[in-house]
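First, one chain by itself in structure tokens, the form predicted on its own.
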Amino acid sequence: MTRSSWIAAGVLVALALAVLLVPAVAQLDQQLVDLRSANRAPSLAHPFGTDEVGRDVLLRVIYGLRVSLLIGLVAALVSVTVGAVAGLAAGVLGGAADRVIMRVVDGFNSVPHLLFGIFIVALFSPSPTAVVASVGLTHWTTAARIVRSEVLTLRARPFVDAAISGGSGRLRVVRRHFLPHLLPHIALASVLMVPHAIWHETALSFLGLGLPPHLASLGNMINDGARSLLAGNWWASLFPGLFILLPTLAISVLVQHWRDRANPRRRSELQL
């Protein structure tokens, strides 16, 4: 692994340890209001400062990151699962089924994801379930196209023709030949979807349509901090924004390393 990959892995491990251990060890209420400590700048007592009602920004960032990561992971899993099933069905069945599924994919892609997500969330009250449904139902098309493309490529391979000629049914071909080749691509799509889902949740929460206002999330914190910017309280929005960028950049670096490892020819071309 390169130095940047090690740094990215270290950042993700540190963030994971923070969201897992700090709430259990600190035993502090991130909703605790202390008006006497309101809008305090970063200091030793409050490294990230306090917000407009005196809540510690560092503690709320850790709680918010935990909520955003959990929602991002679940939403990415739902999105990639729906897309993988649709793409696999289109590639395996072919014919009219393939055309219908891909027209549905084109229809979903023709609508801006954020607007469609807002429409889905508006059908429910603000909750994690609504955000997961919004991301899962608007971002599955990418995984569907990837899986369908790989299945069409695999169908042209000689070993698949040999399996079909030997009497193997569709389910056996999918289980024995397609899935082992598709799993790395599905895993990569899942990893790439996590930061995208986090940004989607952040955007919805910032607009007041994602998570309930009382629930600490990075989007809610940026929305709350935006009201304090005119008063010069920059820290209330800056630190939640940084903790959105950190996992996104770290995951991007690791995915790039993963791609280079999976495709040595591409890596050698990049080094020329």
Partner chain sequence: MTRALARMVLWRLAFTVPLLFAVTLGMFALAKASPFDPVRQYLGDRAVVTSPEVMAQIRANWGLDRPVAEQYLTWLGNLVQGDLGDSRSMHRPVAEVIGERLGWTLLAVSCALVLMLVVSLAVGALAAWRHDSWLDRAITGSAYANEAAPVFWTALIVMWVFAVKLQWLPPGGLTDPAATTLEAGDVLHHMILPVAVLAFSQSSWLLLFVRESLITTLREDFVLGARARGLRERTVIVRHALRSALLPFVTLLGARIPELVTGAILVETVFSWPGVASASVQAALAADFPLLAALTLLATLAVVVGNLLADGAYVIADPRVRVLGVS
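Numbering follows the first chain given and starts at 1. Since this is a predicted model, take the numbers as computed values, not measurements.
Only in words, not in the display: the form predicted together with its partner chain, which the text now covers.
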Subject >> Full three-residue contact with its partner chain in the model of the complex, heavy atom 4.5 Å, for I222, L229 and L245 >> reply: yes
Original post:
Which pick from V92, M102, L188, I118 sits with a heavy atom within 4.5 Å of its partner chain in the model of the complex?
Top reply: I118
Subject >> Residue among L70, A41, L207, V53 with a heavy atom within 4.5 Å of its partner chain in the model of the complex >> reply: L207
Original post:
What stretch, of 149-157, 177-185, 105-113, 81-89, brings heavy atoms to within 4.5 Å of its partner chain in the model of the complex?
Top reply: 105-113
**OP:** Would you please decide whether A96 lies within 4.5 angstroms of its partner chain in the model of the complex, comparing each non-hydrogen atom pair?
**Re:** no
Original post:
Is V13 close enough to its partner chain in the model of the complex to count, meaning some heavy atom within 4.5 Å?
Top reply: no
Original post:
At the 4.5 Å heavy atom threshold, is S125 in contact with its partner chain in the model of the complex?
Top reply: yes
Original post:
Quick one: is L58 in contact with its partner chain in the model of the complex, heavy atoms, 4.5 Å cut-off?
Top reply: no
